[in-house]
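Before any questions on how it binds or moves, here is one chain, the form predicted on its own, in structure tokens.
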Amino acid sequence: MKKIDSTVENYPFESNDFRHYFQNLYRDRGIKAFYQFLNRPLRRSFSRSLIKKYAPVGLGLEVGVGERTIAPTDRTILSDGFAEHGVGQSIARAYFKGDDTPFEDETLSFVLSEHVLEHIPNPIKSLKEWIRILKVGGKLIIFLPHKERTNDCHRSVTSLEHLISDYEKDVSINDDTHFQDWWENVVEKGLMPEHYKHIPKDELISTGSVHHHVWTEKEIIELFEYLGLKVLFYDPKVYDRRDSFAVIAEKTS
């Protein structure tokens, strides 16, 4: 049984979600933030509506929040495993790895993760941890890059069998099994993300800058069902983040 870390137990929630989102957008984009904010459909309205629909109440956790969040900040703990992502600072206020969270069993109503799971060498290990801390009836809300609409378009999808093998081998957070594939089919094809270009090659794994795995919604649905989750919703397109797909599942037991 894991105890909640005192810094998480006393977590300073943000009561004004609107202000919090815009402050971080302005910090990142400067004056361009006004244009971007006004021209996006109400601050990722489609994505936020999914959270509101499937997790309307209760305390939640966002894993790997990065520079901005679509979570309801008055009831979501914003966590990260890294203080920096590419060229930006994480807005997290609690830091721990996604496969070792400081919560007791069945304490949270939802876990949210956006473009994080593909950076984790052992996804099943992390997912089992997120399922552990969810209450029965709690929701797992996942947004991921779609293979066909990202710089992973030249790579093959990761099979469930491969993920099970990684879990059984207990591969570490610094596993480099997929690095060469990522390097050849992303970097050498001129598709290296701009915000990672300044990172030395030998530090890309340790900084969490590599996509270890590649998916569409079909593979994630299969993975969730394998883990005993009930899939409630999926969409191959996230209409306010075009490179993404979404899958939402429920812990039933």
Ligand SMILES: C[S@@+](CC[C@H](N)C(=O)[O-])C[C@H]1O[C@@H](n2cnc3c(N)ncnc32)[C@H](O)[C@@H]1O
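Bear in mind that the values here come from a model prediction, so they are computed numbers and not experimental data. Residue numbers run from 1 along the displayed sequence.
From this point on, the text means the form predicted in complex with the ligand, which you will not see here.
Taking the shortest heavy atom distance, is R149 within 4.5 Å of the ligand in the predicted bound form? Contact with the ligand, no.
Would you classify V65 as touching the ligand in the predicted bound form, given a 4.5 Å non-hydrogen atom cut-off? V65: yes, in contact with the ligand in the predicted bound form.
Although the partner isn't part of this model, could you tell me whether G98 comes within 4.5 Å of the ligand in the predicted bound form, counting any heavy atom of the residue? Flag for G98 set to yes.
Contact between D166 and the ligand in the predicted bound form at 4.5 Å, heavy atoms? It does not: once the ligand is placed as it appears in the predicted bound form, D166 has no heavy atom within 4.5 Å of it.
Just one of A71, L108, I120, L140 has a heavy atom within 4.5 Å of the ligand in the predicted bound form. Which one? Contact check passes for I120.
Single option in R132, H178, H115, R93 placed near the ligand in the predicted bound form, where near means a heavy atom within 4.5 Å: Selected residue: H115.
Name the stretch: of 132-140, 153-161, 179-187, 75-83, exactly one has residues whose heavy atoms fall within 4.5 Å of the ligand in the predicted bound form. In short, 75-83.
Which residues within 150-168 place at least one heavy atom within 4.5 Å of the ligand in the predicted bound form? Contacting residues: none.
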